[in-house]
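The chain below stands alone and is given in structure tokens; this is the form predicted on its own.
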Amino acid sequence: MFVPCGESVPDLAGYTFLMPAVSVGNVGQLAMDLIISTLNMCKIGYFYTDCLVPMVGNNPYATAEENSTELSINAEIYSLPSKKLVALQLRSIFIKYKSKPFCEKLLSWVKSSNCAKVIVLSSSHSYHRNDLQLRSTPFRYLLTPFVQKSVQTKIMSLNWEEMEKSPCIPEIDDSEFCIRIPGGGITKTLYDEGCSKEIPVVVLLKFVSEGDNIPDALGLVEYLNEWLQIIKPCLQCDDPTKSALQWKMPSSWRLLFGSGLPPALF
């Protein structure tokens, strides 16, 4: 499944594996863009899979004309050895009935690579929130039972709110309760697979609506940064309206909503 860019397979033992879910507003994927771009992570390989719709494009993280023509595909792996981080970026949707096999193969690869933990960045439809969720923070987390005690202790010290269980069949009072993530794509599958295969999986998500989801992505990476401290706050930030964390938007975001209006219209 994993094809390295170099001749040898990199050693990822003890690394934290970051990945997005293709979910509502593409928030997880936008958040991964911010992380990869800000940390200037190096591409180490890609996933060769028939589970995703094929795609190819220019380098989304181009910083100069020289590297703008590098090609990117639907599932690529980046790493930052200094922080022991490895990141998967997904750029296309799943082929019908192929999402579960992808999750199974992915987590098997993660386990065989001896990664320390998997962190899934995701989102869920905001209009599915209940009254309690409407009155609280839009961020939630989930932990599989095999996440290390040290991780659990740190997350609990942040006073984050765990994803609540809800009726398995909505609006049926006597329905059993379970974890539901409407609009979360493969998030629930990854969580369930992590539980059944004894893999430490952490899910971080935000309740969002479709639209301009850049602010949601920024919020999600700052939520993650509270825990992992990927980047340090900027002490020289004089503008109180700006984030103290300096996230770098990739060059590909300039056309996130298409090109501007043609002058001929006016």
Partner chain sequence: MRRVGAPRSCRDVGQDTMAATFFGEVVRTPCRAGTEDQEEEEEGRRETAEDREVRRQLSRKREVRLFRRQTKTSLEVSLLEKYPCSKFIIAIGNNAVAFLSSFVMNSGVWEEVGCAKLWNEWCRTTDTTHLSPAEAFCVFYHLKSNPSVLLCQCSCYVAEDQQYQWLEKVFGSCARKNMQVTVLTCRHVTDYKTSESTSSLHSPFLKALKTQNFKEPPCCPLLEQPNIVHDLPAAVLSYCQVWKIPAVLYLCYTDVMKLDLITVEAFKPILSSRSLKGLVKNIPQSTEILKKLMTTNEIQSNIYT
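Numbering follows the first chain given and starts at 1. Nothing here was measured: the structure is a model prediction, and the numbers come from that model.
We do not show the form predicted in complex with the partner chain, though everything after this point is about it.
Enquirer: Answer for N58 alone: is it within 4.5 Å of the partner chain in the model of the complex, judged on heavy atom distances?
Expert: So N58 counts as contacting the partner chain.
Enquirer: Although the partner chain is absent from this view, report whether P138 comes within 4.5 Å of it in the model of the complex, heavy atoms only.
Expert: Contact check for P138: no, nothing within 4.5 Å of the partner chain in the model of the complex.
Enquirer: Do L255 and the partner chain share at least one heavy atom pair within 4.5 Å in the model of the complex?
Expert: Judged by the heavy-atom cut-off of 4.5 Å, L255 is in contact with the partner chain in the model of the complex.
Enquirer: Give a yes or no for V22: in the model of the complex, does one of its heavy atoms lie within 4.5 Å of a heavy atom belonging to the partner chain?
Expert: Yes - in the model of the complex, heavy atoms of V22 and the partner chain come within 4.5 Å of each other.
Enquirer: Just one stretch in 33-41, 65-73, 218-226, 196-204 has heavy atoms within 4.5 Å of the partner chain in the model of the complex, so which one is it?
Expert: Going by heavy atoms within 4.5 Å, the stretch is 65-73.
Enquirer: Can all three of V53, E171 and T189 be found with a heavy atom no more than 4.5 Å from the partner chain in the model of the complex?
Expert: Per the other structure, all of V53, E171 and T189 touch the partner chain.
Enquirer: Select from 201-215 the residues with a non-hydrogen atom within 4.5 Å of the partner chain in the model of the complex and write them out in sequence order.
Expert: Sequence-ordered list: E210, G211, N213.
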